[in-house]
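Shown below, as structure tokens, is a lone chain in the form predicted on its own; questions about how it binds or moves come after it.
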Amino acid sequence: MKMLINGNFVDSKEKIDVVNPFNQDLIDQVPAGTPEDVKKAINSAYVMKNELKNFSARKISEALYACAVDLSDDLEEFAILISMETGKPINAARDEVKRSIDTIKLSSEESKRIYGETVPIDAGIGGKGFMAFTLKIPLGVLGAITPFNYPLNLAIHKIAPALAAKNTVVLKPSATAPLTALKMAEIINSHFPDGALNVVTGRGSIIGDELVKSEKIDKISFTGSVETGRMISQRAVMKKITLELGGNDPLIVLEDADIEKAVEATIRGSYLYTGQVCIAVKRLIVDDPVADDFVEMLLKETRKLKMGDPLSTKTDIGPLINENAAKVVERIVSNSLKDGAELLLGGTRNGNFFEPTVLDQVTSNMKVVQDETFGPISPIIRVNGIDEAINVANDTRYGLQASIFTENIRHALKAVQEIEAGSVMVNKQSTFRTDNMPFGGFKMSGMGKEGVKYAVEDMTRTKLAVLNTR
């Protein structure tokens, strides 16, 4: 596949291999973009922003809806491509495409709901005899940078709201999994003018650096690591930024919880896309009186999970994105065992695959729960009561999403109020997300909110008009 710059599909001499994580087959090659390619894409978007802002909201809405229809028509083709380039089980890949369709439709609707407001400036000194109102105008050009784990939906969460607010976009998809984004760009480019969306593939140190430092970029929206996010925040200068930098999401199980539901949620939350999800359950904080029963049921259900070919509908656990990622998880588990954790299940790596793993007797100072472990790991921390559970939940530099299982409304509300996270789920795992909800974390999990309405708001500027009526 080729890059998209100003409506043209552009190749380059240097290529990047896109490899299937399951069997190491070469799927395709994409261009290794250069700084000049990025500058051309930025200039294209910069020129087009003046044309796109003159489009009617109706025209924008209809174009986005047409993109959703086209994506729906190609749902299975997109799902297979996601599965092939990421190793994501096909059922989860289909869900990602369905969510992406929904995200585009929500953006189509939101493009018609960008409102200003009247301002009662006569409430201020000297304001009598004047009328004022605000306008919401596009920011201009969005620089979007996305990771491998949701190559379609995370790109759509940046592109569709930006277009809804009449901004243009330069997207840098993951070099590991760029194919789905490029295929989606073909659809969007067929319904929007040349230059409205540009996609440049290549290495982050080259493409991302040009986006961040360009004075023609008005906002950076980034999903990825804390280290890269911190660099962007330091170098973006006067640009607006939205950063989604991962999580270390806890699932609390209290003594009064429905254990069966908590275990079911743990399975869904810990092993979704092999744990390579920013909102995956990364820590199980379990009240000691029910810990043994919880562990017994968790082991029973985890043993039922099937590892294998991601394109098989029977597969629950696919490969990690590459062997190095699997080795990192292997090393973290090994160090946890040296530090005193108890291995109850799994713990074995085979190439890119890592078995679903349950660790007990984990403590908060272990690396497996201090950092974001991107793998199929269920580390259990035993606590006594709601207060200790919340303290342990907050003992991390992250604060994306959290969950608590309890039948006590007081405990639920206490957790909602005191857990330091952007979202707290009650009797639902942290992987729960609808595409219209405000999504974004606290602390090192980032800044700003995604979710269509909230993204659109952040992709506009407020202009004030004042009329002298005297």
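The numbering used is simple: start at 1 and walk along the sequence shown. Every value quoted in this text rests on a predicted model; they were computed, and no experiment measured them.
FYI, the form predicted in complex with a small molecule isn't displayed, but the following is about it.
Q: Decide whether residue 371 counts as a contact residue for the small molecule in the predicted complex under a heavy atom distance cut-off of 4.5 Å.
A: Residue-level check for residue 371: no, no contact with the small molecule.
Q: Hey, in the predicted complex, does residue 132 get a heavy atom within 4.5 angstroms of the small molecule?
A: Residue-level check for residue 132: no, no contact with the small molecule.
Q: Under a 4.5 Å heavy atom criterion, is residue 225 part of the interface with the small molecule in the predicted complex?
A: Because a heavy atom of residue 225 falls inside 4.5 Å of the small molecule in the predicted complex, the answer is yes.
Q: Taking 4.5 angstroms as the cut-off for heavy atoms, does residue 148 touch the small molecule in the predicted complex?
A: Residue 148 belongs to the contact set for the small molecule.
Q: Judged by heavy atoms and a 4.5 Å cut-off, are 176, 203 and 232 together in contact with the small molecule in the predicted complex?
A: Answer is yes for this spot.
Q: 244-252, 86-94, 303-311, 117-125: which one contacts the small molecule in the predicted complex at 4.5 Å, heavy atom to heavy atom?
A: Looking at the other structure, the answer is 244-252.
Q: Let me know the one among 278, 377, 165, 199 whose heavy atoms come within 4.5 Å of the small molecule in the predicted complex, would you?
A: Only one option qualifies, and that one is 278.
Q: Find the only residue in 141, 286, 320, 154 having a heavy atom within 4.5 Å of the small molecule in the predicted complex.
A: Contact residue from the list: 154.
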